[in-house]
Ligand code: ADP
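Here we start with a single chain on its own, the form predicted on its own, put down as structure tokens.
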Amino acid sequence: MRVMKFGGTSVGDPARIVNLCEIVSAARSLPPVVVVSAASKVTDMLLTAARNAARGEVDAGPIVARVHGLLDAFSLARDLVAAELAGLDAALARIAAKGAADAEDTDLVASFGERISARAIAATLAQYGLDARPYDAFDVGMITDDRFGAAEPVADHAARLRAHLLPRIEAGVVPVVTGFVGKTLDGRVTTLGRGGSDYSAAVIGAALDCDEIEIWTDVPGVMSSDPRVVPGAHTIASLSFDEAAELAYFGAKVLHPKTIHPAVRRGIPVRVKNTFAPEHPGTVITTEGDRSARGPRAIAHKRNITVVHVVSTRMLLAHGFLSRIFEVFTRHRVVVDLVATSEVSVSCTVDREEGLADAVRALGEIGEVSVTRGRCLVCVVAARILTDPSVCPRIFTALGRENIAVQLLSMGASAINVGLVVDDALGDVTVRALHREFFGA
């Protein structure tokens, strides 16, 4: 069995949808389970519509035009998604009546992108002779908690998914399941966070104990760096789950950070492939990865990073100080990326503003706090970095040639990565300098 997830660009125009149908048709003997995102740009359009509705402007016209254009390209009846578009109108009207859109409202509106996509893709696959049927994920077992915008599946989700999907698969149906969305036990629609369709695919693949999870996107696998920043970036043939998780977490655009975890637990390979080049082997991610690999594998980066510094002489020789700091971050749900410490200070990087202001106020009771915005976090992911004495000197040699000052440095004992923070304006230069040093391009 194969779970095949197709992202927004793969379902976003007629040519790519044709490719999707040919890819799934070729895999019909596996058998396939298809997980789909909303068509490219539709989620952003939905979120804009929700914000506009909160100001009293209810207009789903641009979304309807985008959806109808894709249906018309395959001569599909527009009433195929009439119920979903009506549901969208009703959700926007409720927001307008309240004059505000909370997280629950936003999740409901955002969910319609995937719900429309599943129905359109299933109908298109049917034109290729497949018994493809659309399913909202929450109707086949994707029940979640109520953390709107970042929901997690409940404990028995795997059993629920198996009970719903396996009989359909055994009957020859090709399920086309919505990514990104779920529903609470009391029936409220949730989302798993932006990029959550990858996570949906991994959760479903793990529940079904499939042979492989395929992530079909618009690049030929996981790249050695962002090709928009480094035109000479190359595809990495094989990665370990740990390496891929680090790359995803620290800014690689192919995989959602949470995607890796369900697959790791079940030991299921994840393969990243290009919808427009299906013959390319892409990148396969396994538990062990390339056991012969040495040195840097890739350079990832995140922009618009904020650095929080906490300084207090009370840290010196005091126990429990770090726990107090991280209790504050935990209480305010602030996710920390890198941490660096000295005798009297702690520095952390965060990439989201939610909860940060409250956390900073609480940290002020512990020590003197300063916040620096506009930074770029660059991560060098390398194999066996602790036993290779050349990696760190080469990092600083490359940056020295470009007169780039490192403002924060963190290297864990995992032997996987070195993280460093530079001014955001120097982010691209830093990435290119490191890629050139280690990969020659």
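No experiment lies behind these values; they were computed from the predicted model shown. Quick note: we count residues from 1 along the sequence shown, nothing fancier.
Although it is not shown, the form predicted in complex with the ligand is what the next lines describe.
A residue is said to contact a partner when one of its heavy atoms sits within 4.5 Å of a partner heavy atom; Arg324 fails this definition for the ligand in the predicted complex, lying far away. In the predicted complex, the ligand sits beyond 4.5 Å of every heavy atom of Asn19. The ligand in the predicted complex comes within 4.5 Å of no heavy atom belonging to Asp351. By the criterion of a heavy atom within 4.5 Å, Pro227 is counted among the residues contacting the ligand in the predicted complex. Here the chain stands by itself, but in the predicted complex one stretch of 155-163, 214-222, 78-86, 97-105, 214-222, has heavy atoms within 4.5 Å of the ligand.
Comment: the ligand is not present in this chain, but in the predicted complex one of Ala120, Val264, Ala252, Val308 has a heavy atom within 4.5 Å of it, namely Ala252.
Contacts of stretch 1-38 with the ligand in the predicted complex, defined by any heavy atom lying within 4.5 Å, are made by Lys5, Gly7, Gly8, Thr9, listed in sequence order.
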